[in-house]
Structure formats: C-alpha cells, structure tokens
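Let's start with one chain on its own, the form predicted alone, as structure tokens.
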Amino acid sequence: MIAALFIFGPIVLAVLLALFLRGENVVSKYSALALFTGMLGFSLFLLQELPERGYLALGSFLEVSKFDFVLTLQVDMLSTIMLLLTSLLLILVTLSSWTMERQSLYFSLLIFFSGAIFGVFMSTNFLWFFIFWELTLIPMYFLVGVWGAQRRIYAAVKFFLYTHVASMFILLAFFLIYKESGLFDMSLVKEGMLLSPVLIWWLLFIGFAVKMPIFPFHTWLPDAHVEAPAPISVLLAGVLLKMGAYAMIRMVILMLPQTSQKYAWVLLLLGLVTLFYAAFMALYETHLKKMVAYSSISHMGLVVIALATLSYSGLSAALYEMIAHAFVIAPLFLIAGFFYHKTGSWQMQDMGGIMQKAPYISALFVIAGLGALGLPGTMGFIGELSVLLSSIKSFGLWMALVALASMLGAGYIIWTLRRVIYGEMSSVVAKTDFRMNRVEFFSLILFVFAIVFFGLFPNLLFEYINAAFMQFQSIGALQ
C-alpha cells in the first residue's frame, strides 16, 4: 500500500497544490523537498528488503482480472537503483530551483512527475507501465513550455510529439505480447512464449531509442535542452533519458535475449554513430548549452555500446555510465543556465574570464567538465573505462576506437573552458554580478562531490550494480 501511495499520492498532492496555491507560495517547494526526501528514504528501505534473486512484491491494486489489467508493483535491484537515482536527482533539482518563478505551479508539476516516474520503475504490468510512461510527458511538457526560453513552445511540442509517437510503437508491442502470451506482466513473459519476437523487439527498440535518444532519433533533445530551464534539463538528461535506457535493458535486452543477440550489431552501430556524431557536434558548437546537450547525447552512445555487448560486464558498465552521466551532466547544465541568466547570452564568445569574477562556481564547472571528458578520479573516467573494457572483451581490440571519443570529449570540454572560464575577460562578464543563491550553490557542491567521491570509490556503486545483473548471468540470459 505504501508503494502505491508514493505513486498516486504525489499526483493527488500536485493537483491540490496547483488548485489552492498561487504565485510564489513557498509551501509547494517545501512540500516537494519533504516528499522527495521521503521517496529517497522509501527507496533505501526497498534496497535493504530486496531478495537475493527475483522481485520484491509490493502489492497488486485496481485489478481487472479478465484482461490481466492489474497494477502489479514489484521491484528488483535494477528498478530500485533507478528509484534511488530519481529521488536523489529530484531533491537536487528542487534545491537548484529554489528561486524559480511561479513556484506553486512549478513545484506542483515536479511533484506530479515524481509520482509518474515512480510508477514507471515500480510497475511490472505492461499497460500500467505505459500509463505512467505517458503521464511523465504531461509535467515535462509544461515545465519546458512555460518556464523555457524564447522558442519554448516549439521545443515542448516537438518533445511531446516525438516521444508520444514513439510510445505508440511501444503500446503496439505490448498488445502483441498479450496476444501471443496472454500476459501483461513483464516479470512472467519469456521470449519462448512469443510467436513474433523479432517484430516485438523492433517495436520496443524504436520506442525506447527515441527516449534515450539514439541517432537518428535524437533531434528533439537539443531543442528541448536549449529551451528548457536548467533544472529541467537536469531531469531530461538525468531521469527521462535513463527511463529509456532502463526500459531498453528491462524489455529489449533481458526479456528478448536471443533476438537481441541477433541484432546486437544494430545496437553497436547506432551506439558508435551516436557517440561520435554527437561528440563532433559538441566540438563544433559555440552555443554553451547546446554543447552540453550534444555532450549528453554522446555519453548515451557509450551506454548503447555497453548494452550491445549483451554481457554481464557490459550491462553493469552501462548502468554505471547512466548514473555517472546523470551526475556529471547536471552541474554543467545548471551552471550553463546560470551563466546565461547573468550574461544574457548563450554564445561562448560573449563570455570569457568568468573565473576572475566567480572563482567558486567556475571551479565547480571545471570539475564537472573534467568528469565529462573522463579524467581519472571522476565518475566519468570509471564509466568510460568500464564501457571500453566490456566492449573490447565482447567485440575485440578494434573497439579501442571508443577511446577516441574521450579525445574528442577532451577537445570540446577544454575548448569550452578556455573560451568561457579562462582567457581574457569579456566586456559582458566585466559588468556582471555572478552571485548565486546559497541553496542553489549547495546543490552544485553535492553534484560535484558525487562526481569525485564515486569516481574514487566506484565499488560502492558496483556492489549494487553487479547484483542487479548477477541473477541474469546465472540463468544464461547474459554472456
């Protein structure tokens, strides 16, 4: 029952806050912070209660047994890790949004999103999973469309249409699964039950590839990132993209392992193209936030390459890279948004010498940037190294070319630091006051602390990440 409350409770609370609070009422942001802290506590509780194998049952609700339409809530190590990551990011996004305008509506939408995303990670019924999957679009559409920049409506509509159309592929796959197996419970469906696993694989792959996003389905993301407020870019990169990767692991790789083996080359090819195409685009960019956006897409290419190995080590590397990407890219988006708010420009040529005016914020940006390029001692290094080793193990030494992406990453990150943080101070920077709200600055420190701490002690994460896939290796679903 408690699990269901963490799904439907936030949705009801969000509606009530939106209806009865107005303007800058601080009740909404304190309610959001309290709720997300409670979600983190609940996720930690689940982590302690998980069995060694299989799912932890959290209850079944709203049953329509004739159609196997029942809200079945179950979690395993994989979904619990995603719950922990989501609740942590929601707390940090709340702190990063402390001075956001129209707080009542803004935080109400964040609360609504939290309930829907917890439903995605806890539901094992395909239809309920799809309902929660679609519900996440509603708050994100308004968060981009209301609080975004000049082209926010265009970006919000493009984001909604791309992801909603892709969801139709997913829904069709779910109905095919039900037609061929008689089940809507993803924890019970096996590949051997299905008459058309290849068709189902492609439908699910396309649907989830758009959400991740993988080239050539990525074009909605740069626009959404550029126009969205910086904290919402953190949610896009840290939660929504990971939602797509989570579903790819759960329903494409683990549910359809034999078909995935047949089409692993598709994952590998698109992963490589995504990795290098987005890296070259980031190297070319002069728009600060768009550079960070392409960097984000490039890192998701690493995740796809790791998934293509279909191996225990590869999936562990992919999950670590997903977490590392979330923590590394978040401060880059937040600080880029802060620089824009202060200077009024996204163009790097309008910046320069910010280190002289804002040394502490600049230092955090530098550390996050070094994490993004994979400097040893950061999460970015461990993530890239894990993906590199697992891909070489599965595909041979020629996969060492993945390391070339790190060189490109070093190029666009160092070039950005040279133009934005260091160098001669621009006239715009010279007359700008870079003071930041203390709460928002504190959230940046927490992000950067995580980048370094888990980069130095990655085993603290791998202990749980490896456990998420150990059972699948023992039953032969992974190499």
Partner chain sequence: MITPFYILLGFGLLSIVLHRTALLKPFALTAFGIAGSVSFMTASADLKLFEIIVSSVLFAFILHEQEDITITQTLFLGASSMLLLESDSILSFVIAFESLSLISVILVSYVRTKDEVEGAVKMFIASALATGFLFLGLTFYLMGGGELQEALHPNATLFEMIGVFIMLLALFYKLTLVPFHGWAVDTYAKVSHTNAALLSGVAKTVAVVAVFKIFEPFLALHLSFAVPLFITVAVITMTFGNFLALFRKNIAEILAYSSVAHAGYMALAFVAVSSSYAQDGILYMAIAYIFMQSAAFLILDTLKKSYAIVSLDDLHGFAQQNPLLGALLSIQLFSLAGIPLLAGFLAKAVIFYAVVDSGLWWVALIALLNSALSVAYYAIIVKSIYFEDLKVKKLSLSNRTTAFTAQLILVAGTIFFGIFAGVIL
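Positions refer to the first chain, counted from 1. Source: prediction; values computed, not measured.
This next part talks about the form predicted in complex with the partner chain, which is not shown.
Proximity of Glu134 to the partner chain in the model of the complex, heavy atoms at 4.5 Å:
So Glu134 counts as contacting the partner chain.
Taking any heavy atom pair closer than or equal to 4.5 Å as contact, tell me whether Leu13 reaches the partner chain in the model of the complex.
Contact check for Leu13: no, nothing within 4.5 Å of the partner chain in the model of the complex.
Answer yes if any heavy atom of Val165 is within 4.5 Å of a heavy atom of the partner chain in the model of the complex; otherwise answer no.
Judged by the heavy-atom cut-off of 4.5 Å, Val165 is in contact with the partner chain in the model of the complex.
Taking heavy atoms and a 4.5 Å cut-off, does Phe175 contact the partner chain in the model of the complex?
Contact with the partner chain, yes.
263-271, 136-144, 205-213, 318-326: which one contacts the partner chain in the model of the complex at 4.5 Å, heavy atom to heavy atom?
Result for this chain: 136-144.
Please state whether all three residues Phe381, Phe454 and Tyr464 have a non-hydrogen atom within 4.5 angstroms of the partner chain in the model of the complex.
Checking in the model of the complex: none of Phe381, Phe454 and Tyr464 is within 4.5 Å of the partner chain.
Considering Ile361, Leu78, Ala156, Met100, which brings a non-hydrogen atom within 4.5 Å of the partner chain in the model of the complex?
Only one listed residue qualifies here, and that residue is Ala156.
Of Phe449, Phe69, Phe434, Tyr55, which one comes within 4.5 Å of the partner chain in the model of the complex, counting heavy atoms only?
Looking at the other structure, the residue within range turns out to be Phe69.
For a quick check, can you give me the residues of 379-404 that have a heavy atom within 4.5 Å of the partner chain in the model of the complex?
Heavy-atom contacts within 4.5 Å come from no residue here.
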